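First comes one chain, alone, set out as structure tokens in the form predicted alone.
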């Protein structure tokens, strides 16, 4: 029924009813997501086929609204049938676990519902983002610079590509691609796919993403980079950016930054370090050597929602630049937002650094977590992850059927599980074909039982293997033992 006209004289929201609903919904969230969702006795996921799941959720949107008890059941259903990414046995992606201080920051961010573009609407967060970015840059080794939080690591890399192009050819902002020669980007075949997506999106073309050779562990080879740059120049292209990786997605390899920086210095190219996955080693005195030379980069992408569990999403782009390149490249000077005669310092209106107008606050969750545990607490999380990986690898070596691709450099453990039926048959003509089917079959079984989640993939000429990323600070040795036991149980009859 449509509301009577007289109803429109008053607010349409009843605060008492709304806050009651919110309190009840919050109880369900705590029970289903934060209690059951972190309990090893509960399932990681409650698998349903898509048609069945759609029916269970009753997704259709209708003209009439529903009563609060029905809505609360919907909250419970969404929680029940969603994957519990905070579960100690969720190893499927490079985000996992929960930090309660960060989560409180996320709740507060949603409740405040502001836009991080001007000081007048987001005074706390303009200052907070500035301080968080400054602290992250210090870890990189820069005493000054710039930066911005982006909606994901892929966007951070796209920003870096756009900035590198603008620095070399500022006329592109007004004249477009017509003003440019053919530009070339260099990266490794094990880099994140965002480099290729960014090249397509920004108009460079994926054919102009030149792949540099890697060694057997997945590290970019600087000598081949140098050769590829020289070859590209001889073919009429203009090299302008190298995107290397600190912690590749699959093998967890760290490219040799110093050697790559030498090549970039020689050819005067922008050096971008995609440290979305591996950047958090900078908190660790023991492991930060993996990123030696990162201070020589022009830009660094770093996802704090990954190894540190700051919560999706928390992606920082850090820049060495001190010339306001970020704003010069992206600004449009919208006069209805960025008036120059405001009563406060208009340099605090940071929105024109972004290609977005609406930009979510992503700094609060990290700031509150960092305040709670300090840099030493974050260092402890990084160091614990490496210790857990060492334990897992040692236990694998004591069992039949687990075969490592290589010793892990980071917290990615890549391995094949060889079921009893294939052991000792490596020379058979159909061995690789049969081995390729093992990981997908085990994955299906674990998902349908809800006991575990871990990813698999092929790589080059290597058939499907498991990749477990161990970094959640909720994980224990018992979870590592369960992981191996469950892989054996699910694959023993294959």
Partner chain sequence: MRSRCGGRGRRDRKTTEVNSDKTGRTQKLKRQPNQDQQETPDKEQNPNNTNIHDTVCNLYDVPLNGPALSVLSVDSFIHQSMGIILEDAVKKATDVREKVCEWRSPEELKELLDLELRDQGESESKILKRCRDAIRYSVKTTHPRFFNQLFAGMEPYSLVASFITETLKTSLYTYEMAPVFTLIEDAVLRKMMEMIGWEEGGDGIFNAGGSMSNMYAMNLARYRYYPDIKELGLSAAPQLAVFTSQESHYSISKAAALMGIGTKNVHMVPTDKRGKMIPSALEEQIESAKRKVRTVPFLVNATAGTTVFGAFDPIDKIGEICEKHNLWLHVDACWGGGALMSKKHKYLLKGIEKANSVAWNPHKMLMTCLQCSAFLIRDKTHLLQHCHSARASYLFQQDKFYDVSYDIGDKSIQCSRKPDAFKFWLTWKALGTKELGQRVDRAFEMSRYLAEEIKKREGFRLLMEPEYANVCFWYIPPSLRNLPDGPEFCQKLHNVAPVIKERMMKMGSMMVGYQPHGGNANFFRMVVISPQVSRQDLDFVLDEIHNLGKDL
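If you're wondering where the values come from, they're calculated on a predicted model, not measured in any experiment. Positions refer to the first chain, counted from 1.
The same protein has a further form, the form predicted together with the partner chain, not shown here; the description that follows concerns it.
Enquirer: Would you say all of 131, 444 and 447 touch the partner chain in the predicted complex, counting a heavy atom within 4.5 Å as a touch?
Expert: Yes: 131, 444 and 447 each sit within 4.5 Å of the partner chain in the predicted complex.
Enquirer: I need the one stretch from 236-244, 98-106, 212-220, 272-280 whose residues put non-hydrogen atoms within 4.5 angstroms of the partner chain in the predicted complex.
Expert: Stretch with heavy atoms near the partner: 98-106.
Enquirer: Is residue 410 close enough to touch the partner chain in the predicted complex, meaning at least one heavy atom pair within 4.5 Å?
Expert: Residue 410 lies outside the contact set for the partner chain.
Enquirer: Verify the contact flag for residue 59: yes if a non-hydrogen atom of it lies within 4.5 Å of a non-hydrogen atom of the partner chain in the predicted complex, no if not.
Expert: Flag for residue 59 set to yes.
Enquirer: Going by a heavy atom distance of 4.5 Å, is residue 206 a contact of the partner chain in the predicted complex?
Expert: Yes.
Enquirer: Mark residue 268 yes when one of its heavy atoms lies within 4.5 Å of a heavy atom of the partner chain in the predicted complex, and no otherwise.
Expert: Outside the cut-off, so no.
Enquirer: Where, within 469-494, is there a heavy atom within 4.5 Å of the partner chain in the predicted complex? Residue list please.
Expert: Read in sequence order, the residues that approach the partner chain (within 4.5 Å, in the predicted complex) are 473, 474, 476, 477, 478, 479, 482.
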